[in-house]
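Just so you know, structure 1 and structure 2 below are the same protein chain in two forms, each on its own as structure tokens.
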Structure 1
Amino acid sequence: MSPLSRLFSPFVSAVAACRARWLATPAALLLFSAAVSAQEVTKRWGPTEPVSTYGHRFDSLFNLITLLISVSFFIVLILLLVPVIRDRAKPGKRASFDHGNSLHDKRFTAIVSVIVFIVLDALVLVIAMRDLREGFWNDPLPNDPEVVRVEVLGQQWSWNFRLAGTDGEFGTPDDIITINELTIPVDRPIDMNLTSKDVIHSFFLPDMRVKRDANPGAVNEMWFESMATGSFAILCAELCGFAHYQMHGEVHVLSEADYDAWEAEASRLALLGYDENDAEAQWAWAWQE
């Protein structure tokens, strides 16, 4: 027997075992209901459609991993069940223990591990690195006029946002400051600087498939670009205290024209509400590229 056919012999016997009708019917039912409920579950509790330009990369990687581990899970399951059923004690035959110490067993194990490593880990790692490089790490250029910059200051238990306003400069009276609500334009790269006042938070936009920690004392960056208008969730993805569960908000993605009008008005209102003597209310920092 060649090593390959030896490798697959358990599957053959598994199929053979399935010929027993008492096993085949429940197995088919089980598989069918699992497939149906998996679909139902994803629809109801699964992730929403990705909205950002690189969001689909996350989803395809996620699906690939799910597929790979599901397949290997079933292979392992079959490898386990077949001998248990085939070689169980029967009238006139006792089950026997075997530690599998032969050279053949060792080689078999080694080959399977290497294949599993390549198919699962290395493959996933390579794809993930490619996606990171082409997506998440591929930040917009510093002098790109299309970029909208946002300073995000996390705190127990809110997100403070600062947009530069019409003058494009941070730390000026027309900066638009909002709490738990972020307004941004569609189809333009949004570049973010994240930090925190108190403890570690994690800025999470599930629909944009992006998440990054906000750490006190340091500025982290992230970017994304929304492809759709609408309102999407903002969450904190790092347990940050007793009211962590309350720490959520909304990002409103407006069309380009709506955003320009919104920004002009918000900037104007910010200017009206600005109190130059209230130094303690200022928290902008120098933008980090």
Structure 2
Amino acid sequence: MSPLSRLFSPFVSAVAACRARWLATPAALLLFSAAVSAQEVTKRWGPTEPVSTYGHRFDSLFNLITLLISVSFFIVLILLLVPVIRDRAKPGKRASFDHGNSLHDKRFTAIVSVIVFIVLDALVLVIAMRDLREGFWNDPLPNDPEVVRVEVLGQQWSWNFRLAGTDGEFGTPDDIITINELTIPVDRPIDMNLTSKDVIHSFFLPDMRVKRDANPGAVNEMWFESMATGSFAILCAELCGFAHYQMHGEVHVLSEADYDAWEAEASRLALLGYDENDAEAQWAWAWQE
């Protein structure tokens, strides 16, 4: 045996032993596959259930677009494969092709384009505009006593939240100020004013299916209403700097009774800790409808 063979002999033997052991137990792969159920895969990689009142609209539109694109893809694939198979080279026959300049080809292309525009583009546009009018753009009434108003100030790299407190006015000592944590009640409209302290951020609540940019020098508005209690992710969906990945938090949705108790205690603590000389905390603005 050569020196090189002696050098690699232990490694070859080890690989052969592992291979033999694996082939001797083919059930290992089946057991591993069975351990990962379809439900677990869906929970890990699939979208969460929408929590907001209009979140299902966005899911339905997304599924519709995916279906239309998938069907269109397979139709186009078939239309491309048929000529390839039909006109390919055969024994005694050369492959044929054309540049699609005939009147028949032009008419076919025009008809397909019109169908795609009407079935895909126009249909999706009509449904999207309807959902926006009835959901995302259907802001709660300004004088609705059930509305909870929140001012959101984005900055590199955190979300600042301000609730008006028990007096219902912003910019007063009992304002509830939190960082990267927002507490709201369930089954009540949450109306938000958003702006930014530095660069463009994007306030994203994936479980609520709602997202809106926070722009410096402007105040944007958005709203949602949670149908379930629990804690849900807050993300920034706009690349806002090198620490963009750190800009996340949680929204805690409480029952009505728990929220009332939390608001009263948080306002009391805010009054106790109020410092009129703390310029960083005085970022409230007059609410904008």
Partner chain sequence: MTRQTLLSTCLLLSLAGLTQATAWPAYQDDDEHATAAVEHPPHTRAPGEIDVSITADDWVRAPGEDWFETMAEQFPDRFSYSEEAAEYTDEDGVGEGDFEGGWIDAKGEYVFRYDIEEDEFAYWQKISAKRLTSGRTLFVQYCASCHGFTGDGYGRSAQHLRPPPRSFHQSNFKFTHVIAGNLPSDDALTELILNGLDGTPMYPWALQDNQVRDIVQYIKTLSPPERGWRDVYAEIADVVDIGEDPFANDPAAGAERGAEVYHLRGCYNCHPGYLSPDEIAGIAGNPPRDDFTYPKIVPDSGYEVLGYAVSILPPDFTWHTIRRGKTASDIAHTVAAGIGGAGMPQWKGSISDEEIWAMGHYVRSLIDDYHGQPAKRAAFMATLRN
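Residue numbering: structure 1 sequence, from 1. Quick caveat: nothing in here was measured; it's all calculated off a predicted structure. Each form is matched to the other, and the largest set of C-alpha atoms that superpose within 1.5 Å is called the rigid core.
- One of the two isolated chains is the form predicted on its own, namely structure 2.
- Remark: with the core as the superposition reference, the CA shift of residue 272 between structure 1 and structure 2 stays below 2 Å.
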